[in-house]
Structure formats: structure tokens, C-alpha cells
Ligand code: CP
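Okay, here we've got a single chain as C-alpha cells, the form predicted on its own, with questions on binding and movement later.
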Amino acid sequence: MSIRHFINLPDICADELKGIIKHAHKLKAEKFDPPQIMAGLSLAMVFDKRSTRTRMSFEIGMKQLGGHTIVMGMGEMQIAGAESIEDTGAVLSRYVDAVMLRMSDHANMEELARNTTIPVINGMTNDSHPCQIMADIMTIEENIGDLKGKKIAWFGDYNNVCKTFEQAAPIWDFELAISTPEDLAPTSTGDKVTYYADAKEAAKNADVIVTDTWISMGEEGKSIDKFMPYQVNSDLMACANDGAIFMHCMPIHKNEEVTPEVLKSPACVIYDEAENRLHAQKAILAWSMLK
């Protein structure tokens, strides 16, 4: 049986992705009496970026399901020194049952996956953040139902989370409106994706308004002036549909990408979204590790 890596959403069939989300809802309903389906299994978690939600959700999730975890920084491993990715993958495969990585280089993650006999899970790279999008989709389903035909509007930086929403749009059949400074606009957009230079045009008739920090890790000192027209504030939210929700994967820089008024409004579901990282991660672990 082939190894079930969870690295790129388009590499996994739509029915399986939707099945993971369905399982995540079930695991959330069982959160006070979780099934011990990971008993005897171990997950290695490797980080070269700071993490709150990714580390806690994977570690707690694995332990809730009865499994074990080991956490290492990238600098603690020989892969940061003289050891090849090939050797690292072979050794990890002999020690643990799966590995989750939060690292900068997407190509290195894919190379590691080619050199393991265990699942590799993408906890985040500079190119994509599929675990976040799975939690986001779970949160949207909880609040407004089936995504088919819905409109999600993204504002601010054209980053890894936005790019993964692009991958998700044709899978879940929703419309994605991307609104960023024109010099950051995607050079091409895929099926179900439209670019808008004007933020209010992008927000019209949206069911979900989403943003993220304008300054990612490693970009400290970057000017934010050009992003201000894409700030999520009360005026922008007023362009969306009645009952629209606001999402942000956190951490948040108040009065930059979003105003306190939006964060305190009934539309804000950021803490549901953060909790759902835990339940989505548990379902991803189950899909990847249990045959």
C-alpha cells in the first residue's frame, strides 16, 4: 500500500480530503472521550520556525488518541549539518511511525518524503499550509454549512495560506476572491479564483472574509504601508453578505491586517478556527498513519 503523505492538497483525491474533514467533526464530538486509535504509535515533530498552534495541536492530538510524540528543532538534527536528507529520511523511518515538519523549504520536505517509508505531514512551508486550510474548512462548515457555491474573500499578503486556499477552491467548489497590492497579485489564477485590486469589490457578497499577518516570520522590518487598503475593518465587513464570518489563522497584529472592532464582533470565529486545528490534525494523523 502506498504511503499517505499529507503535503499538497491537490495530491490527495477530493473524496479523501472531504472524508478527513468528516472524521475531524466526529473527533471533535468525541473530544472528551477520544478513541485510542494511535496506541503504540509515535510521531516525530520537527520545527525550524516558531509555533504555538501547530505544535500544540499535533502534540495534544496525538496524545489524546493514545500515541507518543518527540519534538526537535531543525538545528538539533544532523540534517542541519552534514547528514543528507536521504539518510535522515531512512533513519526517521526506523524510529517513528510518521513525521510532521514545519519548515521553510517546501522542496526539501518533498525530498524527505521521497526518502521515507513513513508518512510525512506538512505542518507548514513557505509555499503552503494545508493543515491550516483543513481546519479553516472545518470551521466554515460549522458556521455556514457546505462550501459549495460559497464565496471566500482573502485580503492582504499573497502568502502560503492564500496559495493553499487557491488549491482548495476547485476541490470544495467555492469561489475565492484574492485582493492584495497589485505588485503581489498572482501571475495567474486557477479554477474558481479571481483577483481584485479593489478590496471592497472582492468583499462583495462574500460569505467568509479571511486575512493573515502582513509580515511573516523572517520578514520583520518589511513596510506595511501598501497593505493598509486591504485591512479588514467594519467598512470592509459591511460589503460581505449578512452572516459572513471573519477568519485569521493567528498570530494577529491588531490595527494592521484587522481592527479590534472586527475581532470583537459576532462575525469573528478565530478561536473556533484555532481549536479546530486540533481536531483536523487528529483526522489527518489518522488518515496518514492508519491503514
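Since the structure is predicted, the reported quantities are computational estimates derived from the model, not experimental observations. Residue positions are given as counts along the sequence shown, with the first one as 1.
One more form of this protein, predicted in complex with this ligand, exists but is not displayed; see below.
TODO: Could you work out which of K26, K264, K254, R50 is the residue within 4.5 angstroms of this ligand in the predicted complex, going by heavy atoms?
DONE: Exactly one residue meets the criterion: R50.
- [ ] May I ask whether H5, H106 and N122 each come within 4.5 Å of this ligand in the predicted complex, counting any non-hydrogen atom?
- [x] Contact check failed for every one of H5, H106 and N122.
Task: Segment assignment from 181-189, 148-156, 195-203, 128-136: heavy atom within 4.5 Å of this ligand in the predicted complex - done: Single hit among the candidates: 128-136.
Task: this ligand contact in the predicted complex: C249, any heavy atom under 4.5 Å - done: Yes, C249 sits close enough to this ligand in the predicted complex that at least one of its heavy atoms falls within 4.5 Å.
Open item on the list: If we define contact as a non-hydrogen atom of the residue within 4.5 angstroms of the partner, is H279 a contact of this ligand in the predicted complex?
Closed with: H279: no, not in contact with this ligand in the predicted complex.
Open item on the list: Whether Q231 contacts this ligand in the predicted complex should be assessed with a 4.5 Å heavy atom distance threshold; does it?
Closed with: Result no; Q231 lies far from this ligand in the predicted complex.
Open item on the list: Q64 versus this ligand, in the predicted complex: is there a non-hydrogen atom within 4.5 Å?
Closed with: No, no contact at 4.5 Å.
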